[in-house]
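Heads up, the chain below is alone and in the form predicted on its own; it's given as structure tokens.
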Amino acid sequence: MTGQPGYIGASSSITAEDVPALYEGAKFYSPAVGDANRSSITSWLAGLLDRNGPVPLLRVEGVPPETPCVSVCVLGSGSAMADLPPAGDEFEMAVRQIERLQRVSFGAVYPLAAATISALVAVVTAAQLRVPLLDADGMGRTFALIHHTAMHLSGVSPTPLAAVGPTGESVLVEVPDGPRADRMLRANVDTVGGWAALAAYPTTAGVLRRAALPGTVSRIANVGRLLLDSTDPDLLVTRLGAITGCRRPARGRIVELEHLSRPSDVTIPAHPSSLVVEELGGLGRQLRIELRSEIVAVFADGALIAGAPDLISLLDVSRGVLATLDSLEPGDLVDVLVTPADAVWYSPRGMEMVGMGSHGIPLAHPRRR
């Protein structure tokens, strides 16, 4: 990335050389996701940037307020995407559908979530459309449902939205209510191939100045550089803390991993499970870590010490890399890392939407105690 004078911590363009850092940083903000699509997605994006040139990365404030903008993300199963990889034009097709419907030409793209491969496909879409990418997103990490966004909290509708599957089939949703739009959309994802390219939240740059979360694309690039540069776990945690505010409440060894089928909120597409970690050193506590589609709570000797919307991840101490939830095994030595989410998620409405209560854990967040 090339630097922009006066814009500390951000960049003015994304090149092919930046793709590995973007990927690693996006994975940090979505630690439940494995690497099944890594090679195909990173090669696709790097090749596109080599052919089309760098994608401009702009602050929302640097774009004229009347500029039409749209978000993109990957919706559905990562394993389905590995089985049915993109043909390459799905995200552009989704954006073009909304352009035809609204009779506009989008002047910028932004990721719905600057996390998972959704952060990378936003760069893909910007390169294909030859428009800038906004240094902002709607989640600041990844959440399960498409209305779990700062834009929704600000009153911005996700619709009209378009989803294009790997076979070219598409779904167009036009309802004013965000939760209903999510339900209607997910009812069709399996039908179009198990995953879909989503274009949603069409709005203007002026609206995004108050509704989106700024600086999140630059943030994942900076985090990704750290993850690529250092495998010493202590040094890595210190450096990550300087950029993200993350802390390490405990280091321990996994002694038990449970796969359960307890009842959970049917609106959250995941099945609960948990793991037990025996702390090494420190207070010698027993940690119980509750998992859904992400880690949603950490208890130490029965006391809650972290919980959603905190971003909770595990660092494989022996390798100095993030551990994905599908890679955990008893005996693994892990650091528990807790990174604060963007401030909007600790508001009363934000906590109601994505806090522990939404995962079936009706406890007050440690910040509120």
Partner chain sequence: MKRSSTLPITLGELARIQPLAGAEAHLADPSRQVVQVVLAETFDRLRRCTPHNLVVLHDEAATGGWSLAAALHLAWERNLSAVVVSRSVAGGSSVALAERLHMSLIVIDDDPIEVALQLAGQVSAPAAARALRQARLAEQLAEQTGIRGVLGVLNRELQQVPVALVVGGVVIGGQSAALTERPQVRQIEVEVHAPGERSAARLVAAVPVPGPASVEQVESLLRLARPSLQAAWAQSRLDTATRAAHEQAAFDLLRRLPSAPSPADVEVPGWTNELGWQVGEANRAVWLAPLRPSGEPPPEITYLIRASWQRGHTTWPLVAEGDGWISWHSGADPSEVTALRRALAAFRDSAVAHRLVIGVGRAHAGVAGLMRSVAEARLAAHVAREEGPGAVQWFDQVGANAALAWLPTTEIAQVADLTLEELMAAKDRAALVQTVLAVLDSGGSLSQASQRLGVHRNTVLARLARARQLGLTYDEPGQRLALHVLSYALTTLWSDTTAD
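Positions refer to the first chain, counted from 1. Since this is a predicted model, take the numbers as computed values, not measurements.
Although it is not shown, the form predicted in complex with its partner chain is what the next lines describe.
Within 4.5 Å of its partner chain in the predicted complex, a heavy atom is found for none of 46, 92 and 131. Although the partner is absent here, residue 360 sits close enough that one of its heavy atoms falls within 4.5 Å of its partner chain in the predicted complex. When contacts are judged by a 4.5 Å heavy atom cut-off, residue 141 does not count as touching its partner chain in the predicted complex. Put simply, residue 286 is close to its partner chain in the predicted complex: some heavy atom of it is within 4.5 Å. In the predicted complex, at least one heavy atom of residue 292 sits within 4.5 Å of a heavy atom of its partner chain. Contact with its partner chain in the predicted complex, defined as a heavy atom within 4.5 Å, holds for exactly one of 61, 50, 326, 301, namely 301. Residue in contact with its partner chain in the predicted complex (any heavy atom within 4.5 Å), chosen from 234, 83, 190, 258: 258. Comparing 302-310, 326-334, 22-30, 66-74 against its partner chain in the predicted complex, the single stretch with non-hydrogen atoms within 4.5 angstroms of it is 302-310.
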